[in-house]
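In the structure tokens that follow, a single protein chain appears in two forms: structure 1, then structure 2.
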Structure 1
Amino acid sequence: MSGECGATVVEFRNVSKRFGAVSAVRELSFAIERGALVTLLGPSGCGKTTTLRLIAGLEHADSGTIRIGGRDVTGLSATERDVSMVFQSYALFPHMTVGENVAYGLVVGGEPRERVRAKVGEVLAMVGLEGFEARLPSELSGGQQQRVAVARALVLEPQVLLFDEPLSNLDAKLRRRVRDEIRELQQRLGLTTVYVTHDQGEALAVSDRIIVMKNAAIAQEGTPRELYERPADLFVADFIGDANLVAAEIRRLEGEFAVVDVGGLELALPHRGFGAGPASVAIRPEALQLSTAAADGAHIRGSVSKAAYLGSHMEYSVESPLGSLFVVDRSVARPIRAGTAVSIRLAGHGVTLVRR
């Protein structure tokens, strides 16, 4: 968690929202600190976009309170909230020029003309689009349109900036560049930002903190590292990165650690509040190390059923007493053929006790 964060800017307390019979958000509570970029991450339909729209005021909570900058805004409309949003489709007004689009919020807010012009120029320069004022959105590339959308939201200097899947309309190459630009801008200006995505890689790359959502509620929140290394349950483990879920047995607790038996291998893992008895562990695919050589020391025997070459790494499916395991191996130079018998070891990282 970023240490310099100050006061809470956005606060949800027991917020619920239903659409007809469907619960979109259930009893949601969280807080977002000043200057942080917090990502709402989850599969489609988990309620992350509804949460974002609740912050924006585009949806209204059925119960609970929403505070922005310490002020109760639960009953306020989008117009009255000090929040700007970058839409998935960018929602640039197609009948206005870039300049008019960026100026829109200032003009309807009644700013004097001179100030509007100065600020529009300033913000466009900030996103690297000086001199594009007179263009129409349709005359820009996808990446440029995206930057106009960001500029239009920034120009109002909102307390909170919202991004709704801002990269989903860009091609894969451009995505990383724009992602880094957004993060760089956010950190430079110290903007409090809420960012919605379903792409875990994107979330890990940009976030100070991630809130993983599942079925209209929070599954886990924490820094990217916390979520990756200490997922609370299988859902989080599987959603952020890949994971093999394996049955295990906690033998005993030793201080911070639990001694765990995984298929005959004994490991010391942080106990995370679990007691002795049957348990589950999540194993990252890169934590499984395969070897064809006759093994000595603790290992599990298995055999490779599928092997795929992906350029930077190999992906294997391995049948073993623990079940079918998914393995990633960086050593592309010496691939193992399907059908080969292998011995499996566990690395010192990437293995966690999780709730089922």
Structure 2
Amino acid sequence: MSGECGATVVEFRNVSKRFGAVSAVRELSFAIERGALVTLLGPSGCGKTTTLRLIAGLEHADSGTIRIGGRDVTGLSATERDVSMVFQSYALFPHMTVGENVAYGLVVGGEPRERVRAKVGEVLAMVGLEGFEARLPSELSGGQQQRVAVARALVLEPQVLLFDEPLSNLDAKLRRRVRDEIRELQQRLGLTTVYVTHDQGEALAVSDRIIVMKNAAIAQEGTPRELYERPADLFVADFIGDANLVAAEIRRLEGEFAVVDVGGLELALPHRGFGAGPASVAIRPEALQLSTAAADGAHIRGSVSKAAYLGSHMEYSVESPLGSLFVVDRSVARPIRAGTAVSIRLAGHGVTLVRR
């Protein structure tokens, strides 16, 4: 299933798809390398699921070119493309056993019985379901059903494995475990994988690269770290993790840095191609540091309006000259009560100039 690393497996060139008067995707161009897990991320209606279905051949492009494994598949049906999809609903046959579900594609394809049995056993062992062949889907947990769906896709040895919101039917704790299992399996087998989700944390956790979509087009693509630390604009900054978006003023440029006034605080930030003048800054919630002690040095005054305990951290809403700020504080031993005056400092990370 794995192959030579670095080669492009999936390529979109100026692909567009309309449903009536609505553009589902517009002039989409991107490339996915062999062995990479790339996530299509965005809000509902942004075009990510349509893009996945275009790869699968379940939808056909109105214009542009789609290539898989170097072959132009733009006009080919789903059965003529070397891809497998794991659906959001799992789509298991309830009257078939686990073994029969996994074997289905091979049986329909006319594979010999002994080869089918061997391959089914092999992939069930890969996903940790060895010995489950005779069980029915109704006898499995949600996480186990998810693994059967993955095994059914893997047994066909596709060039590309597609996941459509694969964790949406699972509870929070199970989501994290199955997410990690999918990522471990993908890396171990070197699977080229396209993964669709609207969950930013899920995307950050599993992806080699993320393609953020907005209004049927690509807003930004890059590694999870690039998108989190260097968002291209306010939309990406706010969608990839929470961000406080505040007005600022670039006073001057000094080499690679801009000297920026943020609520009276002077910061040196990478200028990212911006010139002097009004600007916007994205501040991550964990980059805001609160103190109730008498403050010295550079700080902003504020007042806590809401405080919430979430076990591993506190979440605060703080009113300030910058507006209402959302703050995440890992210190839970001495929470700050609502109504308390605080000084606000900015950490040396998590503050970024972004396009307005």
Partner chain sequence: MTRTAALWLAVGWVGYALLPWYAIDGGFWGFDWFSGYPAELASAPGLLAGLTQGRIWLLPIALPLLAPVLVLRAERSDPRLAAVLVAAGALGFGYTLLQGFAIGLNGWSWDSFEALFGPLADRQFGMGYGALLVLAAFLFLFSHGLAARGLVGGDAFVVGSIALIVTLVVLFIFWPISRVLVSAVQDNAGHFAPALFLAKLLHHSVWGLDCFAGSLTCGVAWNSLVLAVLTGLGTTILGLAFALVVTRTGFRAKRTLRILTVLPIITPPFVIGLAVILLFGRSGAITTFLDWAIGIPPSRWVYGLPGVWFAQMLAFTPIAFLVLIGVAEGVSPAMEEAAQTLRADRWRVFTTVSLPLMRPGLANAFLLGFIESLADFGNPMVLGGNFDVLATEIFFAIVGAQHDQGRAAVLSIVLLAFTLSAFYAQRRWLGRRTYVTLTGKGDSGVHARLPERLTWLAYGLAVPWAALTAVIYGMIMFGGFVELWGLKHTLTLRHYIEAFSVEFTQHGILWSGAAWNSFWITLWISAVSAPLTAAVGMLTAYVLVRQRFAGKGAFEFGTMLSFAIPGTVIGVSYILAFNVPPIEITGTGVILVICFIFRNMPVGLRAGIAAMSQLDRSLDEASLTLGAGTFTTVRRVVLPLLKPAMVAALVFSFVRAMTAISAVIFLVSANYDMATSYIIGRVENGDFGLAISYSSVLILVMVVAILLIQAFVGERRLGRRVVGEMSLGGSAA
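Each form is matched to the other, and the largest set of C-alpha atoms that superpose within 1.5 Å is called the rigid core. Computed from a prediction, not measured in an experiment: that's the story for all the values here. Sequence positions of structure 1, starting at 1, serve as the residue numbers.
Between the two chain copies, the one drawn from the form predicted alone is structure 2. Once both forms are overlaid on the rigid core, the distance between the two CA positions of residue 80 between the two structures is under 2 angstroms. The Cα shift for residue 249 between the two structures, taken after rigid core superposition, is smaller than 2 angstroms.
Fitting the two forms on the rigid core leaves the C-alpha of residue 133 displaced by at least 2 angstroms between the two structures.
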